[in-house]
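Okay, here we've got a single chain as structure tokens, the form predicted alone, with questions on binding and movement later.
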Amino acid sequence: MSKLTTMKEAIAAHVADGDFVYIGGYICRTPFSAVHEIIRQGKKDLTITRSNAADDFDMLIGAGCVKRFIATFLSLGVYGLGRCYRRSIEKSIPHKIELEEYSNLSLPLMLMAGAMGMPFIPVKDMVGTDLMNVKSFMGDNKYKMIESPFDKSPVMLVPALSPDVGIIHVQQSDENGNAQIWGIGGDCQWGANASKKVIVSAERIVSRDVIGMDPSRTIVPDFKVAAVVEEPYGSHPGYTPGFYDVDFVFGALYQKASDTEQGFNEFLDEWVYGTKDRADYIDHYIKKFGWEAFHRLQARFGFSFPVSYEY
């Protein structure tokens, strides 16, 4: 049965106030369309997580949607630390979020444990760091130290993460939610499969036969998926390999706008509240920056060498 719907309907039906939400987009394929819709609908008290968080998380924090953040870091890349993130921590604007920090390896492993149905997982890279000394809402359950039953050495255990809903943007999916990616994977596969249900946003919808021709690209099976949204340019201003590049001009625009609380709110008024959906957002972008600027983002086609799955 087809699970195709709109982003507005998907977020309304599957993201509730207070939910624990995994948001994909480790460097690429950020589900910005979904992030904008969460803000439009005024979702609140969310716990959010992903390794390598960026301007999408900064935006959610600045819009007041976030209560808790299980984090590694939050960066605007070349533009430095997220401005809204910093205002929240330092000045409680719009409110102070609760922050639990892990390393950029430990957090994906926690999602991996959740995806595999394990209650915890051993890690090494946090041992001896100050991340052991700072605990927030997870308290003593942030980690546990045990003695290895094999060689008696100290071992750090961290808990599995199992978000209520995962939101990912992918290159292609069928109508049932068999979703495929290429390019940097990051923790996307683990985060989606650790989640109780998944919203898939896709650049294009293809047939089940197309999915079956290259099955190793499928990162989430349809039975995990609650909703599928065909959303071209759903990751802009981020990039989706094979479709479009990072929009550095727009990134600079967000950085400058988010330098101040007023500028950030004006940005939301124009680019989030002022657009009803992703198509309207892209139409506004073209009217403001011109077709040529939009067209320059589109990827050239450089297909990989074909492989055979026959036997």
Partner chain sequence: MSSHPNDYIKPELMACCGAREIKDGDVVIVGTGFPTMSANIAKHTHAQNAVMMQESGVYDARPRRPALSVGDPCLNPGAAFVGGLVDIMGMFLQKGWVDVGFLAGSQVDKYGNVNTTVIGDYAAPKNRLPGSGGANPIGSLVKRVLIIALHDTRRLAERVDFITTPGYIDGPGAREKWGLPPGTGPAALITNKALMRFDEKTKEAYLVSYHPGSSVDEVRDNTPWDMKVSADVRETEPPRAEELRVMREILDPHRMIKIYEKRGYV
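Bear in mind the structure is a predicted one, so any value in this text is a computation, not a measurement. Numbering follows the first chain given and starts at 1.
Another form exists, predicted together with the partner chain; not displayed. Remarks below refer to it.
Engineer: Residues in which of 211 to 219, 160 to 168, 197 to 205, 70 to 78 have heavy atoms within 4.5 Å of the partner chain in the predicted bound form?
Structural biologist: The contacting stretch is 70 to 78.
Engineer: Note which of 118, 105, 146, 93 lies within 4.5 Å of the partner chain in the predicted bound form, where distance is taken over heavy atoms; exactly one does.
Structural biologist: For this set of options, the contacting one is 105.
Engineer: Of the options 246, 282, 253, 272, which one has a non-hydrogen atom that comes within 4.5 Å of the partner chain in the predicted bound form?
Structural biologist: Only one option qualifies, and that one is 246.
Engineer: The partner chain is absent from this chain, but in the predicted bound form, do 18, 172 and 225 each have a non-hydrogen atom within 4.5 Å of it?
Structural biologist: Spot residues vs the partner chain: no contact at all.
Engineer: Evaluate residue 130 for contact with the partner chain in the predicted bound form, applying a 4.5 angstroms cut-off between non-hydrogen atoms, and reply yes or no.
Structural biologist: It does: once the partner chain is placed as it appears in the predicted bound form, residue 130 has a heavy atom within 4.5 Å of it.
Engineer: Decide whether residue 52 counts as a contact residue for the partner chain in the predicted bound form under a heavy atom distance cut-off of 4.5 Å.
Structural biologist: Yes, contact at 4.5 Å.
Engineer: I'd like to know if residue 229 sits close to the partner chain in the predicted bound form, meaning any non-hydrogen atom pair within 4.5 angstroms.
Structural biologist: No, residue 229 sits far enough from the partner chain in the predicted bound form that none of its heavy atoms falls within 4.5 Å.
Engineer: Would residue 27 sit within 4.5 Å of the partner chain in the predicted bound form, counting heavy atoms only?
Structural biologist: Yes, residue 27 lies within 4.5 Å of the partner chain in the predicted bound form.
Engineer: Who in 279 to 311 is close to the partner chain in the predicted bound form, meaning a heavy atom within 4.5 Å?
Structural biologist: Residue within 4.5 Å: 300 only.
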